[in-house]
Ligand code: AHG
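In structure tokens, the next block holds one chain alone, the form predicted on its own.
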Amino acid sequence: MYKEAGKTKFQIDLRQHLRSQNLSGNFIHLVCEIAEASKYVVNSIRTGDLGVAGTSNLYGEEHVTLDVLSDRIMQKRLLHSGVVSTIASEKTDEIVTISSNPQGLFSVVYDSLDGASLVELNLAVGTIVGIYQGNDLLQPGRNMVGAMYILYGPRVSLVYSAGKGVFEFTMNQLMEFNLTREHISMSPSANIYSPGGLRAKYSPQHDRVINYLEDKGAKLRYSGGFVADINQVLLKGKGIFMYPGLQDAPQGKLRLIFELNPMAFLVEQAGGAATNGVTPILDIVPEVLDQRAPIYIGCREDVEKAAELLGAG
């Protein structure tokens, strides 16, 4: 069991854990700033600040939707963190340069509230973050130095990796994140699958992947929220998530830089794999910020089998 100065792992908070991992002070500060921002996001979700007429957000503005508000919360925290050189948000699709001297600083890509439309249905949503050293955002996800997501569900949980394994923290009643799982790992084979996209628009090759999973007895478990579905695949350790290229959208729906790379980084750190059907997600060189790609992510054997079936012609 994880111990520090006589504490059990359930008494280790996020900052204490990060310090124990021999990470740079700037990286620790950045992760803690993102964690702090998430507290304001979850408060907005819980208080019903959904941009409804007659309500106002923490900036005193009316008619601002929750996804816009969450983006402003995250951006403000990053802008004033002192450790970030460049940021890019899925909500705005533009690169914001904070410092022209990236020495010792980080570039951050994020989706502040993935699945925002699910909030009014009371379904789980989340924040996704990818972290690079320096100021270049258009590089393969393999070059990330860290990735994380925060899931706003019945419990608020933060899952991160800095290349030294995957760790989960859960928010307590004082809104502090305490360590609950360490060195999360995935089994080689999946027994659940989460299939995105409209089945009528699947390719014959992708249909073969679905048939393979159903024939082996994998059960369908799909929420429609990317963070929630990846959290299920990762923490159960026996799943695969797929959002394929569709007949009218051959590059799929999900964005490489903001969504796929951070999740692929986490899943690979847990022993899983992620591919677009041809190339590992983390090896794809992005050309533009809003680049999209199909994804098969989860247990390694099933991801490899999916790539094999997709390439069978």
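On a predicted model such as this, the values are computed, not experimentally measured, just so you know. Heads up: residue numbers just count along the shown sequence, starting at 1.
The discussion below concerns the form predicted together with this ligand, not included here.
Though the partner is left out of this view, residue 116 does reach within 4.5 Å of this ligand in the predicted bound form, counting heavy atoms only. In the predicted bound form, residue 224 approaches this ligand with a heavy atom inside 4.5 Å. In the predicted bound form, no heavy atom of residue 29 sits within 4.5 Å of this ligand. Among residues of the shown chain, residue 106 is not one whose heavy atoms approach this ligand to within 4.5 Å in the predicted bound form. The contact residue chosen from 243, 152, 193, 169 relative to this ligand in the predicted bound form is 243, the criterion being a non-hydrogen atom within 4.5 angstroms. The single contact residue among 208, 236, 91, 181, judged by any heavy atom lying within 4.5 Å of this ligand in the predicted bound form, is 91. Of the candidate stretches 108-116, 93-101, 130-138, 184-192, only 108-116 has residues whose heavy atoms lie within 4.5 Å of this ligand in the predicted bound form.
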